[in-house]
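Just one chain is shown here, as structure tokens, and it is the form predicted alone.
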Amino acid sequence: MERSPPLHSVHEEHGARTTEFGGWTMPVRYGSTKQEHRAVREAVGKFDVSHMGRVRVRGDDAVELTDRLTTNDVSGLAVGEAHYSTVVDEDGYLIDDVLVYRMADDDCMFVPNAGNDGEMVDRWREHGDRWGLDASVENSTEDTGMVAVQGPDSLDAVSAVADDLGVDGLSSLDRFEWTCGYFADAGGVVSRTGYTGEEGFELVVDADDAETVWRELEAEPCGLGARDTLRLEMGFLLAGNEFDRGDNMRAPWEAGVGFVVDLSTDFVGRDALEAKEDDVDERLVGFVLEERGVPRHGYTIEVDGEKVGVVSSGTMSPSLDEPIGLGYVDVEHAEECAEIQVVVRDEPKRARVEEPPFV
């Protein structure tokens, strides 16, 4: 059974085209994906991202538990800070990529990908019990709503509904910092985070307050289509495309997110990752097509007629009006400006490797 976000009726009211994503019915676009994309790059857009999980970990050992199940250093976060991280299995392969918030000395919140909240809650509880740690794990995904406000004008848009923070309070937040506040009279958490590459904020409020906050925010409503093209222009990972638990199991070193692996911490999969660090056969690269065509997930990447990789994500960039993509290639073809071919509808198209971001 598909899940619906607390803003579902608002999306229906505005005629949004919806799609199933991670077990949720979510808006893919309201009008034009290109228009919504450009609104974020040039002004401000708002996204319903309630399909992303919200998991709260509380107790004397909450930080230790989260530290031992994610690859970045949670103990190094100050209260009021957040960071990007990954969850790997015992063999060092990506299960999820997450945002981790340090809420208090004995309190963490993390945001897994759509549909992964239940699995992550089970994982945290099982390991907490196994290790005898004092930590309670609560899945607050369906009790809350989450709205991303992104773009160069996002500060003005959020400050207009931030009853007690205003421009000064919000502008004092650095990237990956958060604070509590009231937004259109609703208490919640605001963080200077997002997945578009633009200035922006993400708000977490009670599910019953999400509609009021959404309606008060003066920003272009945007769907998952624009969120995908925006993240792809930045070279950000999409779970299910750049990694999955099936035939595309990847270590952070392969997926280009080794920067969130802190081998000085003792997390599940640490030893396996240390062994893999210098033993990588393929790497995720960005590329730009030099001929007409649109690369898509699963397309073959070749060099001189020989398969050397596969496309994980691709699109026609609305900002550049050029076809761009991400894909895994053999390490000998992963250098900047390397010449490759992407097979589009059985026809090899010239392309060059280019390190993201593309914009």
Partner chain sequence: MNFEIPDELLYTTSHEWIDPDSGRVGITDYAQDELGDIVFVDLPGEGETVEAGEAFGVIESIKAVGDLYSPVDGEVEDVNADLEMQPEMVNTDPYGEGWMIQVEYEDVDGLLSAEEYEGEI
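For clarity, every value in this text was computed on a predicted model and none was experimentally measured. Residue numbers count along the first chain shown, from 1.
Although it is not shown, the form predicted together with its partner chain is what the next lines describe.
At 4.5 angstroms, heavy atoms only, are 29, 229 and 345 all close to its partner chain in the predicted bound form? Per the other structure, all of 29, 229 and 345 touch its partner chain.
If the cut-off is 4.5 angstroms on heavy atoms, which of these, 303, 310, 43, 294, is the one near its partner chain in the predicted bound form? In short, 294.
State the residue from 58, 34, 333, 68 whose non-hydrogen atoms include one within 4.5 Å of its partner chain in the predicted bound form. It is 34 that has a heavy atom within 4.5 Å of the partner.
With heavy atoms only and a cut-off of 4.5 Å, decide whether residue 17 touches its partner chain in the predicted bound form. Residue 17: yes, in contact with its partner chain in the predicted bound form.
Its partner chain isn't shown here, but in the predicted bound form, which of 46-54, 294-302, 325-333, 60-68 has heavy atoms within 4.5 Å of it? The contacting stretch here is 294-302.
Since the partner is left out here, which residues of 305-328 would have a heavy atom within 4.5 Å of its partner chain in the predicted bound form? Heavy-atom contacts to its partner chain in the predicted bound form: 315, 316, 318.
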